[in-house]
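To begin, one chain is listed below as structure tokens, in the form predicted on its own.
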Amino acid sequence: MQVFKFGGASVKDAPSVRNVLSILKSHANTMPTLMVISAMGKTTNLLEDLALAFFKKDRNLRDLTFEKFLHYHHSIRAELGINETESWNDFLDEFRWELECEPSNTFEYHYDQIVSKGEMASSLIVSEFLKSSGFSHALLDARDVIITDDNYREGNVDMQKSEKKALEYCLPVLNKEKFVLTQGFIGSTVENTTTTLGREGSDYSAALFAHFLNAEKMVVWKDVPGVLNADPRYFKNPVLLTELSYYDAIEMTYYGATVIHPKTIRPLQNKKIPLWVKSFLHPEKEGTKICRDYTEKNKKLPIFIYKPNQILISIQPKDFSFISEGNLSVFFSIAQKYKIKIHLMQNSALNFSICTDFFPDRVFAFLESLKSHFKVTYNEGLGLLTVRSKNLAYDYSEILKGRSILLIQKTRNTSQYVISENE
């Protein structure tokens, strides 16, 4: 069997949903297929605004945002010719009821209950369209399979329990129906409380299903031709990488490449399942294959990864002592508390610096906590440029032209630059 993952861009409107059906008919008719669907378009962003309005008890913004959610999804349903169904009405009634309640838990908890509705809505609409088009399949609730802890907004998956559930729920349905449709990004605790796996976590969901079901391959359908050696939003004339090793793919995602979710590779690598990244705009083209062994002709091509919206944070002991293991232990304990992900770190005798994503709600609380122990300085409005190349003599000057460089770090095959975003 195989696993297909369709992201938000691939189901953003009615023509896109029709294209999904076309891909299924032309590329999934040779073997049983489990399809993992993301929320439509930018729905997750909208639902994040809704979760915040709900938690702050801003009823006007809550109602306005919910109406936007309804209008967007109803317009797609109408264009697809989908009539009202009991399943859709039940889903909306449950959603409305949840929004009418008062916040009773942490923001992270309510975030997961609300933002997860994007995947539920998307899978319902796609499923109803497939049925109306005569495409036989079964709709599976991913929360019945993906079991996590209660670390809301980034649930940690219980691999053993989830694999048992996958074999129990998915295999019999695949054997009967051949096609199964389910949601990405979402899971559930053992107490049946909805959790999410982190932003853009649908790739990870698909990889988990592929791992549990011993898939022959996994295909991620994107709006790009495959994995490029540079993001076309930031770099000119990127080149398609026809093959990548698991190792290189993990390195790219760790440093910020957004074409694949960082957690995606490990479940596939553990079972040696190849991953294909293909274009839903040109499904006939080869795309990129990610596997254990590869013979990429362009191995010498440098890979450029740019991560915007970064902040550089530096600490110094208040007593002017050296940066010690004890200082670092305190620092990392506070970083873990505020879920700070470190993309680069560097230390000297008196300073320790990190580069991390600038999420104001987390970062400013993190900085205040650090100030209790250290002298703290920071710079906002930065980007992190990572260049992976075996050719250390490669000339990066054109890329860095006109940028202020705040920090440089180099290893054997990797150079990183913390730079100003706007000059």
Ligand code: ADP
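One rule holds for the numbers: they count along the sequence shown, beginning at 1. Note that the structure is a prediction, hence the values are computed from the model and not measured.
We do not show the form predicted together with the named molecule, though everything after this point is about it.
Of the residues given (G81, P232, G326, G134), P232 alone sits with a heavy atom within 4.5 Å of the named molecule in the predicted bound form. Note on contacts: among D141, D149, E286, D223, the single residue with a heavy atom within 4.5 Å of the named molecule in the predicted bound form is D223.
Listed stretches are 95 to 103, 123 to 131, 255 to 263, 315 to 323; the contact stretch with the named molecule in the predicted bound form is 255 to 263, by a heavy atom cutoff of 4.5 Å.
Contact check for I399: no non-hydrogen atom falls within 4.5 Å of the named molecule in the predicted bound form.
Put simply, E154 is far from the named molecule in the predicted bound form: not one heavy atom of it is within 4.5 Å. Using a 4.5 angstroms limit between non-hydrogen atoms, L228 touches the named molecule in the predicted bound form.
Using a 4.5 angstroms threshold between heavy atoms, E200 counts as touching the named molecule in the predicted bound form.
Within 4.5 angstroms of the named molecule in the predicted bound form, the stretch 1 to 27 places a non-hydrogen atom from each of K5, G7, G8, A9, taken in sequence order.
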